[in-house]
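Okay, here we've got a single chain as structure tokens, the form predicted on its own, with questions on binding and movement later.
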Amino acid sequence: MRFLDDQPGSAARNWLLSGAVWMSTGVLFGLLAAIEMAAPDFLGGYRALVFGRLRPSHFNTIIFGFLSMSLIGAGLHYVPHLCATRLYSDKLANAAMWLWNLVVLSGIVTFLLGYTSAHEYGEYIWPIDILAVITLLLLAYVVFRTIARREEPLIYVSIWYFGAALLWTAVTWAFMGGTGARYGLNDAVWTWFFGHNIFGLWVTPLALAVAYYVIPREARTPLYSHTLSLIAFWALITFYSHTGTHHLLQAPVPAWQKVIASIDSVMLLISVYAFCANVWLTLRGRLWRVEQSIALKFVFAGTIWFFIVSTQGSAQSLMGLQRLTHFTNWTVGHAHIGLLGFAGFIASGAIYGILPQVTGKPIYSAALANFQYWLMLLGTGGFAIVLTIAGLVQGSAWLNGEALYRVLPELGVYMVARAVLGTFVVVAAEIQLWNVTLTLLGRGPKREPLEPAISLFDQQLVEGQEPEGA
């Protein structure tokens, strides 16, 4: 592999491979952090491995390593396919890949050394922030130049989501990243503006874009409704950007900000339910394909997790429920459902669905991929149950006036269960990396080469035609 390969599909391949590598790394940090929650002296108090440094290393590596790189890699494949043209420059996209890997690696090193900007989901220090914004702008340049030279006049909804995610996040990061601490509530409001939008206007649109591409393609049927897809898109853009303040309902933030954040958090269900109805109705009469396709199985599960986490998120943005759940393990479980359940399943589906299209090589082992699926399902489902129960124990105790020192011992069994469940996810991640590596080495079953660059099906998908041979 050349450092700046310009071969068609090389950028998508390298981004997908990087995503698999960072998943295997990020979950190891998560497991160590989970063990420390159950056994605080497990690592002997070594400074670089205290919980306060492991936690940002874990979730930043998962968000910006595994999820971002896998979902961007998918986008660098489906954008040119749906535009019926080549990617504008695989060389520039590969340059962006190396820069983004440097962002993630530098983040891990600085976190373990104790350097952080101390903003939720925005812990990177300012030099890393600058590098991230440059990389996003470079990616946006490649993507929009590709769109500008398209042969297909219609722009499919996956491209809408991918392009919007790049532009919105570049602008948000440029305003927020590396600015250091502000004063009081201004710092809190800006922190959650950035942190919430990283999930809602970066990870979410990237993942939904993949779902809109993979589900119709693997089901061999057109998307149910292009109109519904655009309703969901504009509802997401309209209502999401200012919902972060619902994390501050119990702080002295101006009442009008709280009201707007809570109302729009509920209004986001328009986007969520429109998306879910659209992709699930696309599978109407074709659910049998879910069992046949590894990629479809992962992505379909991700859409179910999306329905769950979004409904839960809108509910817990209301003060009545938040009095019970906020500042407890409920919100930790919510984050795992969103990042590992919704986005994580779709990212793994992107790897398994798009890597063979990029390389022309079948996945090394469908059995291993299926095993990974069940490990992730057990781990994520277990996280959701265990952490939700732990959060309700905490919230109920505090509402009834229990002292903190009396509540903590009650959580021990849940923290042990969390660490055990974390081993399932770690094994799943290592299986994925093994599967991806052997696929790239051509160790999979010998078959005819898979589809080359621009497929007829992709054009039919955009135009909403019934695909040939469906």
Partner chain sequence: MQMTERAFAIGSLLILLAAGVGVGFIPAWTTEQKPSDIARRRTPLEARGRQVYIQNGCTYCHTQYIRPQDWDHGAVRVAQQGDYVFDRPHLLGSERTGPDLSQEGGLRTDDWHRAHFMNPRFTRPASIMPQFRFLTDGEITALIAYVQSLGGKMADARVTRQKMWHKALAAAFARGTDANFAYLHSLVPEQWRTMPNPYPPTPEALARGRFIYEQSCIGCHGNFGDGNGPAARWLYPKPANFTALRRIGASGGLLYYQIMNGITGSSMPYFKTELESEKIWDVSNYIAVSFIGRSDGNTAPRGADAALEPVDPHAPPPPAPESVTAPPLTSPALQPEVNAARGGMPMPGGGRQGASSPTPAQTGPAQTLPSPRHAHPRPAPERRRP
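Since this is a predicted model, take the numbers as computed values, not measurements. Numbering follows the first chain given and starts at 1.
One more form of this protein should be noted, the form predicted together with its partner chain, which is absent from this view; the next part is about it.
Trainee: So, Leu167 and its partner chain: in the predicted bound form, are they within 4.5 Å at any heavy atom pair?
Mentor: Result yes; Leu167 sits at the interface with its partner chain in the predicted bound form.
Trainee: Does Ser241 make contact with its partner chain in the predicted bound form, using a 4.5 Å heavy atom cut-off?
Mentor: Yes, Ser241 lies within 4.5 Å of its partner chain in the predicted bound form.
Trainee: Quick one: is Leu399 in contact with its partner chain in the predicted bound form, heavy atoms, 4.5 Å cut-off?
Mentor: Within the cut-off, so yes.
Trainee: Does the 4.5 Å heavy atom contact test between Gly26 and its partner chain in the predicted bound form come out positive?
Mentor: Result no; Gly26 lies far from its partner chain in the predicted bound form.
Trainee: Its partner chain isn't shown here, but in the predicted bound form, which of 341-349, 322-330, 76-84, 375-383 has heavy atoms within 4.5 Å of it?
Mentor: Selected stretch: 322-330.
Trainee: Pick from Phe175, Trp280, Phe371, Tyr273: which has a non-hydrogen atom within 4.5 Å of its partner chain in the predicted bound form?
Mentor: Only one option qualifies, and that one is Phe175.
Trainee: Of Leu438, Val427, Leu408, Val416, which residue is found within 4.5 angstroms of its partner chain in the predicted bound form when only non-hydrogen atoms are counted?
Mentor: Of the listed residues, the single hit is Leu408.
Trainee: Check for me: heavy atom within 4.5 Å of its partner chain in the predicted bound form, for each of Leu102, Gly195 and Leu268, yes or no.
Mentor: Not one of the three qualifies.
Trainee: Looking at its partner chain in the predicted bound form, which residues in 109-144 have at least one heavy atom within 4.5 Å of it?
Mentor: Heavy-atom contacts within 4.5 Å come from Gly114, Thr116, Ser117, Ala118, His119, Glu120, Glu123, Phe144.
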